[in-house]
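For reference, the chain that follows is the form predicted on its own, supplied as structure tokens.
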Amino acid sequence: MQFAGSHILSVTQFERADVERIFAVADRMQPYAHRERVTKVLDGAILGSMFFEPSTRTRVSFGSAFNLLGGEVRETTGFENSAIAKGESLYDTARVLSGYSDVIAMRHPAEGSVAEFAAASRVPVINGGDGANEHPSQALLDLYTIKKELAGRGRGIDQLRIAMVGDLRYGRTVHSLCKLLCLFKGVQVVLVSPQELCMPPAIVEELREAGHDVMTSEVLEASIAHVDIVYSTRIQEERFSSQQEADLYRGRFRLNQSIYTQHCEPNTVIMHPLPRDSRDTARELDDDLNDNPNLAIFRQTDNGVLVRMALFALVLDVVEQVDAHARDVNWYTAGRF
């Protein structure tokens, strides 16, 4: 695809070569994300950060990525803090705020809303999550994490074995990740969920049409015995009609160190898009996994900054200028990464 000036709304925009291009640029961002170097390539540029649904990692990660490239961030969080609460349309909001920004990162609870906003925007828009639909930058950082985790074992993404566990019906991160995996070869996917929260059939069919081996299960232990990655997700309680309905499924699939030791291969990587639900009724990833070296959830969050820096650099067409605007840092950074 032509990245410069483009919206990033869905992983279906990408060919395999596009994903590899993003990952190559993300690799080049490491000295800046790791605070070894400082670049001001986006000095004077403004990111409009518009998050109409609760977010910590995605919102701050987008902002940090833009700051690390030298740009500035202007935030709107929650409907109550925007003109939308006064009845303004997405069209009008897009026309106005795109006049104040050079690029916009947006999250909205309604499926298709970010695409609707982008259609009226005068600047590129990056989808930070639209309801239960998609989360393209999360899928990219997840796949980038998988690539890095397996590279040390001499493996690539082709022939990946992955178990996706939890709320697969409403989990937009697994929806986007499955679509990205369709660009690769020979993937084995085990979908572990209650029947009521199973992966949408259209996505399962996409995986099978791509030639992948897809299995479904409601039993955690057997499903994680022969995989490279266990990708756990929380119950998306904000998508349910009531707390009581969400509670029917919370804590159904708990992974702790004992279960990991008994059932997983020794180097199985544990991933989660976060936040993990650490309440006693949930604990999809128990705290006793925190010292497990194969717990990659915090490496995922670090990788999110790299991938989002890459997206900004590509969309704003500054990839080849980043190093020319760089210098060494002048503050203490030892031990951060």
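The shown structure was predicted, so the numbers you read here are calculated from the model rather than taken from an experiment. In case it trips you up, residue 1 is the first one in the sequence shown, and so on.
Beyond what is shown, the protein has a form predicted together with a small molecule; the following relates to that form.
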- Query: Hey, of 222 to 230, 260 to 268, 171 to 179, 192 to 200, which bit sits against the small molecule in the predicted complex at 4.5 Å between non-hydrogen atoms?
  - Reply: 171 to 179
- Query: All three of 44, 74 and 98 touching the small molecule in the predicted complex at 4.5 Å, heavy atom to heavy atom?
  - Reply: no
- Tell me, out of 212, 147, 107, 250, which residue has a non-hydrogen atom within 4.5 angstroms of the small molecule in the predicted complex. 107
- Message: Quick check on this chain: which one of 274, 29, 68, 296 has a heavy atom within 4.5 Å of the small molecule in the predicted complex?
- Response: 274
- Message: When the contact criterion is heavy atoms within 4.5 Å, does residue 57 count as touching the small molecule in the predicted complex?
- Response: yes
- Contact of residue 127 with the small molecule in the predicted complex (heavy atom, 4.5 Å): no
- Query: Using 4.5 Å between non-hydrogen atoms, is residue 113 touching the small molecule in the predicted complex?
  - Reply: no
- Message: With the partner left out here, check for me: in the predicted complex, does some heavy atom of residue 236 sit within 4.5 Å of the small molecule?
- Response: yes
